[in-house]
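One chain comes next, on its own, written as structure tokens: the form predicted on its own.
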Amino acid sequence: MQVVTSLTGAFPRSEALVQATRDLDRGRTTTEAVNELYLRTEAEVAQVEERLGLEPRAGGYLRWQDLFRPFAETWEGFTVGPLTRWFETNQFFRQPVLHAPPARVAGAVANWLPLAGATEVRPRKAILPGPYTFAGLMDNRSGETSEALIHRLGRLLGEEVRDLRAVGYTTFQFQEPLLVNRPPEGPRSEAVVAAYQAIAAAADGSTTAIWTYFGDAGPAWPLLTRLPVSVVGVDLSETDVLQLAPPGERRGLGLGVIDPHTSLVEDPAEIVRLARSIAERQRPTTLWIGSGAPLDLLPWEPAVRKLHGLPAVRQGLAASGGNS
């Protein structure tokens, strides 16, 4: 069993970067100065990933104001809507407003990816919104039904995957908190399956992952195990994976072992013990270890401290039968 440790979402911005973006909004600094600080901070994230052996590399997504903004700003049919609370957190996102059936602009989203120009960085992971969460959290004024919209977004995201594969991305992670926070039923669940079938066809053997958080994955587990993806990730602060039935088809399992809702640092030995128990029951082909929800719920320094336990977790699991 292979053991993988990687960032599973956006990384927090440093205090200096937060202050610089505020100063830019108030006219106290320049766009050039803020961009230079972004470049330095992105390099620091890359150093953290390299130092801790985290791969595939994600890059931190520091310039993404929220999960949907690059799509709402570049895909046809959208405008950027009002500030909306991000689940039960103190974060907010600009709700995408869809006025017509969406259409992607080739290459537009790729330009937002933190490692888009870093062709020497391998392997690379693209982190994208999942079609169900994207459809469920937008203001849909297009006239399309929810089911049709979920399926269409799956096809469009599949086209993004196909283009990103061509420039060197090998892993594609889809953020799907809504799948466990508000599990779909009936025709809507079938639309989710169809959406991921479109993504799988475009991925053509590349690694695909769904990462869930902000809810217990138990009620959605029968659907999650039907989806044609390489890895299904769950947040251990929300889900007792030992109570989930092993899937009929072996696949990778993602464990969100770092809780970004608290600055308390997890015990690597305890994580290893729990992950071993889970692996013995679930029998995954690969074990992906990271944070549950994205680490940008925390400030920079606590997030880095919590990541420092991952090499010990990787080594502990490798010693018990996995390969780092």
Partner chain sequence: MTDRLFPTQEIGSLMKPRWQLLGQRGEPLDTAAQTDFARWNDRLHFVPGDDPMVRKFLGDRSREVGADTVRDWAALFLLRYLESTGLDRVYDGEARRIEMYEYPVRQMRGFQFVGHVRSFDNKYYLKAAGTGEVRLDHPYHVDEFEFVRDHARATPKLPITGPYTLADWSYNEYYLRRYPGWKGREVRRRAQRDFVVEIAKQAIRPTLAALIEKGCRVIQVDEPAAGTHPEEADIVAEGFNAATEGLDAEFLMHICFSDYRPLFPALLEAKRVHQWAWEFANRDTDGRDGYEILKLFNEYGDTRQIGLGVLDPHRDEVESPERVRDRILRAVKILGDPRRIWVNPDCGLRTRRLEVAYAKLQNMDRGAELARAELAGRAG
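Positions refer to the first chain, counted from 1. Remember, it's a predicted structure, so these values are computed and weren't measured experimentally.
There is another form of this protein, the form predicted in complex with its partner chain, and it is not shown here; the text below is about that form.
- Site residues 7, 36 and 315 are none of them in contact with its partner chain in the predicted complex, judged by any heavy atom within 4.5 Å.
- Proximity of residue 264 to its partner chain in the predicted complex: non-hydrogen atoms within 4.5 Å are present.
- In the predicted complex, its partner chain sits within 4.5 Å of a heavy atom belonging to residue 236.
- Using a 4.5 angstroms limit between non-hydrogen atoms, residue 69 touches its partner chain in the predicted complex.
- Remark: residue 271 counts among the residues lining its partner chain in the predicted complex, judged by a heavy atom distance of 4.5 Å or less.
- Contact with its partner chain in the predicted complex, defined as any heavy atom within 4.5 Å, is confined among 109 to 117, 122 to 130, 198 to 206, 89 to 97 to 89 to 97.
- 65 is the sole member of 65, 277, 285, 29 with a non-hydrogen atom lying within 4.5 angstroms of its partner chain in the predicted complex.
- Residue 83 is the only one of 166, 103, 83, 245 with a heavy atom lying within 4.5 Å of its partner chain in the predicted complex.
- Shown here without its partner chain, the chain has 13, 15, 17, 18 in 5 to 20 lying with a heavy atom within 4.5 Å of that partner in the predicted complex.
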